[in-house]
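Consider the single chain below, provided in structure tokens and representing the form predicted on its own.
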Amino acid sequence: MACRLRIGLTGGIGSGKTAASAWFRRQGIAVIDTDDIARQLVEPGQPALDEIVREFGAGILDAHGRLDRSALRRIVFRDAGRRRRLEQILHPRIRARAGQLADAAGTPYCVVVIPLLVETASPYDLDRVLVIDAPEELQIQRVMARNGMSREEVEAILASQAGREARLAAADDVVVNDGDLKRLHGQLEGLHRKYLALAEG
């Protein structure tokens, strides 16, 4: 059974998307993570990986024939045109698979986690957009602590993503994740009740 209400969940790096989606999962809500779909699409033998290799060369594969993400990232971070080409290969496939999973979700509403929803302006079939928001300095501190990255590396990623204003402009619902998990979960609880009511509507 298809979920009756499709919520797109997005936010910048270090905003708390993973913590929020984990909370929805614990409530028994179907969560569809487009990053997971993207990883599955580039497994060896998948048509998307073959197309990426044709476009970017065999140098993006490791010794086992698997995608070397860091090698591909170095190419596309330096060249916006190459990044768009990668998006053209992957995003229609990701979107189609997310739609299939939503059609089979079987929960009143489902959450589709789309980190780059605003950046790519991909036409996902969504009823509402939920933005997990956090102050930029807090995002930087979280990612440095979590991933062991330098401030410069995190700032470069943030610069490649949509700004807070653009993301908030696309939002139907906003959760400000600038405190502890208890505060985050309290905000999500209110949205959960709201989404259940909308789905029943």
Ligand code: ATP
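Keep in mind the model is a prediction, meaning the values are calculated, not measured. Start at 1 and count along the sequence shown; that's the residue number.
Below, we turn to the form predicted in complex with ligand ATP, even though it does not appear here.
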Joint contact, G12, K17 and R142 to ligand ATP in the model of the complex, by non-hydrogen atom at 4.5 Å:
yes
Ligand ATP in the model of the complex: contacting segment from 45-53, 64-72, 23-31, 172-180, heavy atom within 4.5 Å:
172-180
Report whether the minimum heavy atom distance between R146 and ligand ATP in the model of the complex is within 4.5 Å.
yes
